[in-house]
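The chain below stands alone and is given in structure tokens; this is the form predicted alone.
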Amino acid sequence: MAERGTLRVSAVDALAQAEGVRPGITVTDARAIYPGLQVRDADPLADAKALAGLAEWCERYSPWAATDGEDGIKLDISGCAHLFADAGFANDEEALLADLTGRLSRLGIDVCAAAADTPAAAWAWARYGDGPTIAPGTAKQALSPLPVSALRLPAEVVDELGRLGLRRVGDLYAIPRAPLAARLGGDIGRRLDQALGRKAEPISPPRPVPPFRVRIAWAEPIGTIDAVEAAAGQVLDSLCAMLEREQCGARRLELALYRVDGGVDRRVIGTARPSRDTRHLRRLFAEKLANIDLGFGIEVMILSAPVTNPLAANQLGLSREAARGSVAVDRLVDRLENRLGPGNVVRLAPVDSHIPERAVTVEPALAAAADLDWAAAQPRPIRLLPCPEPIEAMAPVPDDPPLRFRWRKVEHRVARAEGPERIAPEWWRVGPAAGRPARVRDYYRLEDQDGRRFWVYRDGLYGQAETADGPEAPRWYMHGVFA
């Protein structure tokens, strides 16, 4: 690690540490201590990525898992120990901690871990304490003999406290806060309050903690696709039962598979509408699990529902065909979305605007539906042109619909006409402030002598002055075609 043009040691392994090499010294001094030292460039980004992956692996014990600095991971295991009866250490946090450190050791990772009432106390005890846990309610006594560096204070503050004779955490208990804060800042009081539980220090996981979560573990890892699918069906049944009790349906489900080699494989499915239909959800997961990499086996499986919506029981109507048709379309969208990938299946959604070209948008099929309904008061063509195309129209009087018009070099004689439907411009998009004139549109539904139906409009009104040279004649446009 380069620091002000000098290469310094950022981390050492056990062999280098045994020879006296310590982090922070220069590489030149390190090689003077141990001439055979092998040096590699530090890669902070890769280290951070690896630590984040390790924190994700720790979610097998608790969903409240997050990285802590450059070399730490913090877990909130409150109320989690009883969930591990299948591993033989229900309600035993020390056994849970031993299982975690044992698995990491088998993966080749050196780790020191501790459990306490607060994250700060656990941090201090893991690095400076003796034993795996601090008994509930005894953090003050347990931390008292530890050095003040256990409070995560800056090095300069630790050195200054040492010059004042305050070398242990217990030395700070009886010292008034105000003189220390005036001389060394407020970090001492804040860190001490965090360690003793007087000030909250929440753990913020990188992903929101799902409200519904089901876990299953095996004494021996499973290594076949059939076994994984059977286990996925089992946790899916349990999760859907939970959703049914809470009158909820899942919009997004995430299946996490924890491999023996420390890897985590996640498979995600989504639904167009809230669902707790196990048969349909199992079919969606079957496509996701077909190409899964099992490695040396799966030892833990966790199914969670990060996105849910209320879903009460529905009373079926007399016409079941319509209901079945709607459900069939939703399930088709779900299968297409999960097969083609997120965002590759889209739908049209209404927008709160009366201007036809702005009244509709394209959004992902599984996105949450907006609280807007399609305007049904006036019919709209099934095909709306991307941009209105100018036409030549002839009307008997200025405000009447045209008797004939020419569009794309083809002349059409109008047999029937209906309208007008007047649509005013949006005031915040037109006018002197916007630099655009305010022109209203009069829309007509026309049918020519061959039975073809069109949607045209007149842009502007006759006699309406809009330029410095005088009135500008309205223009006609083709905007859509009916069936």
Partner chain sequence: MVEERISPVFSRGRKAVLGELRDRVQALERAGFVTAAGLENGGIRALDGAEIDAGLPWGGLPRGALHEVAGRRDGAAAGFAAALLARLGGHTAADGAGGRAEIVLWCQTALEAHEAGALHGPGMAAFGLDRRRLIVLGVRRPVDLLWAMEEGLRCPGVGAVLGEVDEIDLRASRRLQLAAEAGGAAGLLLRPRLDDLGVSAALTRWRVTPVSGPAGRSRPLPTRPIGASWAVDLWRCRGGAPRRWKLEWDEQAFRFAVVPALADGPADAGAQALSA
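Here, rigid core means the biggest group of C-alpha atoms that superpose within 1.5 Å across both forms. A quick note: this is a predicted structure, and the numbers were derived from the prediction, not measured. Residue numbers count along the first chain shown, from 1.
In what follows, reference is made to the form predicted in complex with its partner chain, a form of this protein that is not presented.
Proximity to its partner chain in the predicted complex, defined as a heavy atom within 4.5 Å, singles out one entry of Ile269, Val345, Val158, Ala142, which is Val345. Proximity to its partner chain in the predicted complex, defined as a heavy atom within 4.5 Å, singles out one entry of Val333, Ala114, Ala393, Leu243, which is Val333.
Although the partner is absent here, Glu447 lies within 4.5 Å of its partner chain in the predicted complex, judged by heavy atoms. Among residues of the shown chain, Phe296 is not one whose heavy atoms approach its partner chain to within 4.5 Å in the predicted complex. Interface membership of Asp47, defined by any non-hydrogen atom within 4.5 Å of its partner chain in the predicted complex, is ruled out. Remark: Arg339 counts among the residues lining its partner chain in the predicted complex, judged by a heavy atom distance of 4.5 Å or less. Taken together, the three residues Leu384, Asp400 and Glu418 all lie with some non-hydrogen atom within 4.5 angstroms of its partner chain in the predicted complex. The chain is drawn here without its partner chain; in the predicted complex, the stretch among 200 to 208, 229 to 237, 104 to 112, 401 to 409 whose residues come within 4.5 Å of it by any heavy atom is 401 to 409. Tyr61: CA moves less than 2 Å between this form and the one not shown after rigid-core fitting.
After superposing the rigid core, the C-alpha of Ile216 moves by less than 2 Å between this form and the one not shown.
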